[in-house]
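Only one chain comes next, encoded as structure tokens, the form predicted on its own.
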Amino acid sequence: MSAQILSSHRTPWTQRLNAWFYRHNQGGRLTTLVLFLPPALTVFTLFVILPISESGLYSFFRWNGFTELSEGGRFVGLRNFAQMLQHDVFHVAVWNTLKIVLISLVIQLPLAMAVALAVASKSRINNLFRLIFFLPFILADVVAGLIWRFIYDGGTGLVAAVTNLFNLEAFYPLADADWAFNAILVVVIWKYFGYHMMIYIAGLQGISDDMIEAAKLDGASPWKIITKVKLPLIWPAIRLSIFFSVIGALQFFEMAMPLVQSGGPGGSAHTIVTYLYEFGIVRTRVGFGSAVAVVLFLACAVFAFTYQRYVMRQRD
């Protein structure tokens, strides 16, 4: 026994490391980890961890971003956060973001599910409908925003054509504080419901035909087949769709910018991200914008981790 211990102490550490590596390298997993993890961690640190850390630092300063922080920045503690929480436009931005979440969960996803159930079966006509419904998602957000800005134009757009047809007064929904954000919500539903539809279709096409036939032989009605067989079986796809929908709502920005500038009339159409852009970037208040970014990051992180922990890990 003592001879074995003495022998192990005499073994060079490189040999012991090689032995440990071969013992734990199950199916080449450890090799893959050693080769690919360091570059991924480096990129993640440079482009995610570092910017988030800097944003957290800037949020405690009054700084315009044009000078060095040590020269032009003034430490203000939590004042940026206090100003943000007391700002009426920020309250509007938060409420509008919640509206996108609600509209997505209550209208967009059920609509996507209904269409998915209608066109899930494989046929040429269904393929055509899928392409038509998915087409808005292919468009870049900025392009979709420009298209709908023309549609909503009360002077030359589609809205103008309707008002002229019925001899109504010219109506500019994007210039009306009561209608501007509702108009944006319509575009949100139009743009993204096709994406969720395709997620549901992928789930529906994974259901075995034998299971549907068995339900029919048992006398199940079409409604019961949907509610008792199809929806429970594609519940993982529904959970994933809800996750993407909420995270997308929290990050909504690109499509809003062509539709309304500076948050629309009186800032009534701001979302959290457009509020950050307007009051942090456009007005060169980098410290204040960083405070908004920190709050938005925390909201996304808390939702993502909570959803992953309590919803995505549920057993089917």
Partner chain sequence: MIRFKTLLPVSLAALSLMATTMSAQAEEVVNVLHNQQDEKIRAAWEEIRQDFEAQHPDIRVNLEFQDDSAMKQRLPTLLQSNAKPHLYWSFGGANYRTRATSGLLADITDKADGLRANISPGALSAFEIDGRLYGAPYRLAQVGFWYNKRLFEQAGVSADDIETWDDFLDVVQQIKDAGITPIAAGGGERWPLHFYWTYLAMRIGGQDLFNDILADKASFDNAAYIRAGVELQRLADLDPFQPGYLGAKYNEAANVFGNHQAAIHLMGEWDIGVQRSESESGEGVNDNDLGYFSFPAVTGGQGDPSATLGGVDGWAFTAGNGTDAAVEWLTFFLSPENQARLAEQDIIIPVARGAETHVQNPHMKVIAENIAHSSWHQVFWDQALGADVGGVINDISAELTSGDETPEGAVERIQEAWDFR
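Numbering follows the first chain given and starts at 1. Since the model is a prediction, treat every value here as computed from it, not as a measurement.
Form predicted together with its partner chain: not shown, discussed below.
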query: Exactly one stretch in 50 to 58, 23 to 31, 36 to 44, 258 to 266 has heavy atoms within 4.5 Å of its partner chain in the predicted complex; which is it?
result: 258 to 266
query: From the list 172, 137, 129, 235, which entry has a heavy atom within 4.5 Å of its partner chain in the predicted complex?
result: 172
query: Would residue 216 sit within 4.5 Å of its partner chain in the predicted complex, counting heavy atoms only?
result: no
- prompt: Can you check whether residue 80 is within 4.5 Å of its partner chain in the predicted complex, heavy atom basis?
  reply: yes
task: Using a 4.5 Å heavy atom cut-off, state whether residue 252 contacts its partner chain in the predicted complex.
output: no
message: I'd like to know if residue 228 sits close to its partner chain in the predicted complex, meaning any non-hydrogen atom pair within 4.5 angstroms.
response: no
- request: Heavy atoms within 4.5 Å of its partner chain in the predicted complex is the criterion; list the residues of 278 to 306 that meet it.
  value: 279, 282, 283, 284, 285
